[in-house]
Every structure is written in structure tokens, then in C-alpha cells.
Ligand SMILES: Nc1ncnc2c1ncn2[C@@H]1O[C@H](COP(=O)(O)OP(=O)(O)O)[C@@H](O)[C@H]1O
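Given as C-alpha cells, the chain that follows is alone and in the form predicted on its own.
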Amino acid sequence: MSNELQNIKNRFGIIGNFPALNRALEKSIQVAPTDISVLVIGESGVGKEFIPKIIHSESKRKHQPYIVVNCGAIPEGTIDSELFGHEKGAFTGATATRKGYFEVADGGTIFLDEVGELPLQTQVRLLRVLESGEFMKVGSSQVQKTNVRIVAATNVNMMKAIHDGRFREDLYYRLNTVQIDMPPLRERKGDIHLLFRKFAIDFAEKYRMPELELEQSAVHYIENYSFPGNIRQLRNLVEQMTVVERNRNITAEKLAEYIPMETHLPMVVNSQNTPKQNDFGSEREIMYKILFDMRNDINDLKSLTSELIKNRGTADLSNHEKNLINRIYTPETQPQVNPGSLVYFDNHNDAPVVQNPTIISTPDDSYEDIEDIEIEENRPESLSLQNNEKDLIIKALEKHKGRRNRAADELGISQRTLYRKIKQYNLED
């Protein structure tokens, strides 16, 4: 590590040696002497506010004003006035002319924190400042010049914000001349204990209490915790425990009371650099559900048919079972038996009826293993399920004058199955 980098860490109280953190600090030092815009990307609580301070302190503007603007904390109706100022009488309550931040910070640096929360109208004004250094006060027609270095930061996924129309693409690329990424705390496992010790010393001195110390089990626990609130969450945790805990030796069990095990999980975070992926998850889930339902219906049908054959067709079928046969029992899925001896349509009431076949051989309960089934003598051998099915479909369509939805209800099958049968038997005309 260079002496310059270590000096920066000492000056700003930055703890840690994680490579991504060192790279972010090195980039800050490198771009500081220039006037190019910088965009700092990182989750909430990772310490993004240190980057603009380093850039300003290492630049030629270090003796000029440094102003921090929290864009998400200023109401939309007043943010233009805050940034660019306003003239007397420009709006209700404007009793005097006011200078905005860009006028006050002329020659210095402005840090726009949470820049992703800026209203679209304000984004247009900011773009003009970045491109030409010009702005106009609210209620004024006079153009003013400013010489301000802008450093912005956000925890918003900017690509998604642009896609959703919440942020201007041209402003994003103008701000993002140099991008500095601050890593989340969960990736800096080796730095977590160092930060804990640093905060423990600070708060012990502040509250004049003994310093907290972690047992080895607690160190392992805290290094594997996800810390969704990052460094801010760790700092608050140490401060709370410093004040509350009497025993200064902290165990993993004690830590679990403050950061419970059920939240002790890895997080999935959309990185700013991660390209936008098409979300097909919900569609896949729907397709899987349909396939699983079809498989379950087929398994139910196999069990039902096997039971009918085993019990010589004496099982008492429910309406659901009858509909299940009509819906699934197609020629493509028929077993090696004569279906006409098992299921057919009664011409009187168009309801599915189960015949009682005579079983010659059933090696086991598996319906696929049945090879020979004797047809009852009182049933015509020429009668087949397909012929009956075709005739019944024709009758149902004629009865309901071609209305397929009513014909499907009459037959006890779904419209989708009826459409497929019509196409199968060439009945579309």
C-alpha cells in the first residue's frame, strides 16, 4: 500500500484493506486534481460520503467552499430554489432574493448525495450546468455562470431508473465521467472485525465505559453476517451494545440477540454494473405448474383405470373422476386395451359410463402391464371410443348450433379439449 493511500485513510478515519476499497480510494486520489464529474455508486451505509471529501481535499479547490446537498431530503417544490436560487416574488413566500448552492459554491465542490432522487425538471437544469456552467435563478431570465466541481452519489440502480423514465440518460453519462464503486460490508469480511474494534474504542471513550471485546465465536458470527445496513448498521450495533451490555466480552449468542440468526443470510443485490436481465421467472413458474398439474392428472388417471380393471369396473366414480377420464383419456395416452370396454358415452344422457370388463391376466397392479382384456359379448365388437366420441361431438355441436363452449359443457370436457378433438376429427367445417 502506498504512503499516500495510507495517509488518506488516517486523515479520514477509513478502516480496512479490502482490494475494492483500496481501488476506490486510489481512483479518488487520481481524479482529484482534475475537474471531471464523478459518480459514486454503492449501497446505503457503505461510506460513499468519504469519496467527495477526499476528492475536494486533494484538488486545487480545497480552499474553496464544499457543499453537501441531500437530494432526497429536499421537497420537489423547493429543490430548484435550493440549488439555483430564486428572485424576490418568484413564488409565494419568496420575500427576498436568495442565492442557490451553485452560486454560493462557485469555485468549489458540490456533493449531490442521492442524485437519483432528483425530479426530472431539476435534472434538465443540472444538465445545463454540467455542460455549459450556466444556470438561471427561479423567476429570473438572466443567465449566470458558475465554476463548480460536481461529485454525485446514489444507491439507486441507475440503469433501471433510466429504463423506467425516472432519470435522464444524458445526465447519467454526463455525471458518470468517472465511476467509483464502494463495496458493501458483507464483501469485506476481513475488515468487519477491524471496524468493530475501531467503533468499540470510539464509543468506550465517548461514554467512558470499558471497551467491548469479541470472543472468537462472535468474530466468526459477525464476519458471516450479511449487514444489509452496511457500516452504518455495524456502527449503531456497537454503540448500542456499548451502552446496554454489562459484560464486555461478547459471545456469538449475545450477538444473535441483536442481529438474529434468521436474518443471518446472504443477500442478492442488483449491481450497478450488472446488465439488465429479462425476467422470465414468473413465466417459468406458470409453465412448471401446468406441467406438474398435467403429470398429476395423468398419474391419477392411471391409478383410477388400474383400480377399475382390478375391481372389474365396480368402483363408484365421482364426477371429478369422470371429467378426468374425458379430459385426459385420449388416443395418444391409451393403454394397450380396448378403451371401448372401459369408458364410453351413453347416447341417452351423453354422460360417461364405465363398463365392467372381464380380466384375463393382471400380473400386478400396474396398468401398463395389462396385456389382454376380454370384451363382453353383449357389446358390439365394432364399437370404438373414437367413433362414439366423434358422433357425440357432432351431436353436441348440432344441438347447440355450433357454440363450442356450450357443446364442451354438454360433453363434460374443456373447450381446449373440444377444439383439439374438432381438429383431430376434421370437424372444423
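The first residue of the shown sequence is 1; numbering continues from there. Everything numeric here is computed off the predicted structure, so don't read it as measured data.
One more form of this protein should be noted, the form predicted together with this ligand, which is absent from this view; the next part is about it.
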query: So, in the predicted bound form, is R188 in contact with this ligand at a 4.5 angstroms heavy atom limit?
result: yes
query: Does this ligand come within 4.5 Å of any heavy atom of Y225 in the predicted bound form?
result: no
4.5 Å heavy atom contact, R232 and this ligand in the predicted bound form: yes
- prompt: Closest heavy atom of L195 to this ligand in the predicted bound form, within 4.5 Å or not?
  reply: yes
message: Quick check on this chain: which one of E398, D391, D35, E49 has a heavy atom within 4.5 Å of this ligand in the predicted bound form?
response: E49
- line: Only hit among F199, F167, F135, Y221 for heavy atom within 4.5 Å of this ligand in the predicted bound form is F199
query: Exactly one stretch in 59-67, 26-34, 398-406, 41-49 has heavy atoms within 4.5 Å of this ligand in the predicted bound form; which is it?
result: 41-49
